[in-house]
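There is one chain below, alone, in structure tokens, taken in the form predicted alone.
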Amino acid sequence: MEIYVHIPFCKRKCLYCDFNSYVNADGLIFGYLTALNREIALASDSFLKLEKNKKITSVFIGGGTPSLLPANCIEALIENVKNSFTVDDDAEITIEANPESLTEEKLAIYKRAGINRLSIGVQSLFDDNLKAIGRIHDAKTAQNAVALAKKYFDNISCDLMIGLPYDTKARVCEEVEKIAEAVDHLSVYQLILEEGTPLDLLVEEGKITLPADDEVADLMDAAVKTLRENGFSRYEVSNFARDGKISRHNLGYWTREEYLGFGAGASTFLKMSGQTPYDAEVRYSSANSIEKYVENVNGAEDYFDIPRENVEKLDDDAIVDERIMLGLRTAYGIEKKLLPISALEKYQRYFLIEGDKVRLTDEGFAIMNSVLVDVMQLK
């Protein structure tokens, strides 16, 4: 089982961001962390009573900007998780960080707390792109943060966005090369223009121009090629690693490992049919609002009494759909028998079939969303 902990605080919202995060909310931090630790304790009490209590194989502290908090708060949070659950000795423990909020003191405390993996939100190594999407840091700050982090951690990942306003093939290859020299894991995401975000409005008003879809596909191809030339393997549509430095936590999501999500808006996935109040595999999330989340947790005496949102019980058909939708995101693919013959025939140029397994090629990854939607209809 995995654990995700959500820290929803940011110094400033990026222009593209529609994540569950809040700025100018310093007055809510203490109450939020108190409720967060209470939710963890309540979950511990409930799950330790279950026959199927499992060891925790990974912990991921995400956001928001977790590195915005004082490091001692993060240390106390991890200590609470370790005291509340049986965490594997070799568990992967990750924290997300923004370059401008990393300091040597924080990194030293993270390491002391047991964190062994860092995920740094670089996004771009060009200042014009960073400014255009509302990032606080500049390229030099990002590179300095990665160099500083390497003094304390040998498992570092960086996020990079493709499809930014000033992207060109040459620039994408250049920044991928630079990051690849420093780390062994890279998450390469295509910028998604979410409706209602400030960036969406700027594009509508013609103040910012983004590359066309075909251009973005070419940029992504260039990034993938450059990563391969630098010894990286693509193990998921947006994730690349070398030397075995895959993200075990994220891979768990795509292979349908159970996970507990703690914090405002955090999601949970359980398979414990018959051992919890749910009589099926279930996904649910907590309230997005910090105030509502705190109220819900503080008002509950039992973990399973905490009010939840988006509760979805999965029947057999839904489980198969998830196995297809999530499995085809990865380089490991899915069992061929899960796909109808019509889908295999229609998209044969985008599938690589190896024995009883089928996975998407790079060309297939480029149109993955369209393929998945159609496959679901053919099923």
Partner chain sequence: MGTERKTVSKKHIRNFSIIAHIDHGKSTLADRLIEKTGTVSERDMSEQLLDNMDIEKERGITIKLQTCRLYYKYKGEEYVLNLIDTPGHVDFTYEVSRSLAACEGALLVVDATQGVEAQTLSNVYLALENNLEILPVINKIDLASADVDAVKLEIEDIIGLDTEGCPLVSAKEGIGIDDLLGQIIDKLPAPSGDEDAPLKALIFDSFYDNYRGAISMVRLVDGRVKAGDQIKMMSTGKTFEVVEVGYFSPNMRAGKELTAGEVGYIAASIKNVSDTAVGDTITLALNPAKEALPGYKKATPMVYTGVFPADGARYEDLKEALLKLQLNDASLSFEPEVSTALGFGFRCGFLGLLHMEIIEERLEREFDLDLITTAPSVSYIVTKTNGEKIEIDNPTALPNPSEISSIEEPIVKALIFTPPEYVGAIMELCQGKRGIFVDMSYIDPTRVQITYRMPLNEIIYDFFDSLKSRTRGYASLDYEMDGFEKSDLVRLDMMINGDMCDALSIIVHKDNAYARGRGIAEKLKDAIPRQLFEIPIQATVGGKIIARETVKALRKDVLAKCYGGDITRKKKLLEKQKEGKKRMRKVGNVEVPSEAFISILKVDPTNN
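Positions refer to the first chain, counted from 1. Just so it is clear, the structure is predicted and the values come from calculations on it, not from any experiment.
Not pictured, yet referred to below: the form predicted together with the partner chain.
Undergrad: Within 4.5 Å of the partner chain in the predicted complex, do we find a heavy atom from each of D18, W254 and M325?
TA: So, yes: the whole triplet contacts the partner chain.
Undergrad: Taking the partner chain as it sits in the predicted complex, is A366 in contact with it (heavy atom to heavy atom, 4.5 Å or less)?
TA: Residue-level check for A366: yes, a contact with the partner chain.
Undergrad: Any of the heavy atoms of R242 lying within 4.5 Å of the partner chain in the predicted complex?
TA: The answer is no: R242 has no heavy atom within 4.5 Å of the partner chain.
Undergrad: Would you check, heavy atoms only and a 4.5 Å threshold, whether N310 touches the partner chain in the predicted complex?
TA: The answer is yes: N310 has a heavy atom within 4.5 Å of the partner chain.
Undergrad: Contact with the partner chain in the predicted complex for D159, defined as at least one heavy atom pair within 4.5 Å: yes or no?
TA: Yes.
Undergrad: Pick the stretch from 76-84, 138-146, 104-112, 216-224 whose residues have a heavy atom within 4.5 Å of the partner chain in the predicted complex.
TA: Checking each option against the 4.5 Å cut-off leaves 216-224.
Undergrad: Go through N129, T276, S238, N116 and name the one with a heavy atom inside 4.5 Å of the partner chain in the predicted complex.
TA: Only one listed residue qualifies here, and that residue is S238.
Undergrad: Here the chain is shown alone; which of L68, L339, L42, L314 has a heavy atom within 4.5 Å of the partner chain in the predicted complex?
TA: Selected residue: L314.
Undergrad: Which residues, if any, of 169-190 lie within 4.5 Å of the partner chain in the predicted complex when only heavy atoms count?
TA: Stretch hits, in order: Y189, Q190.
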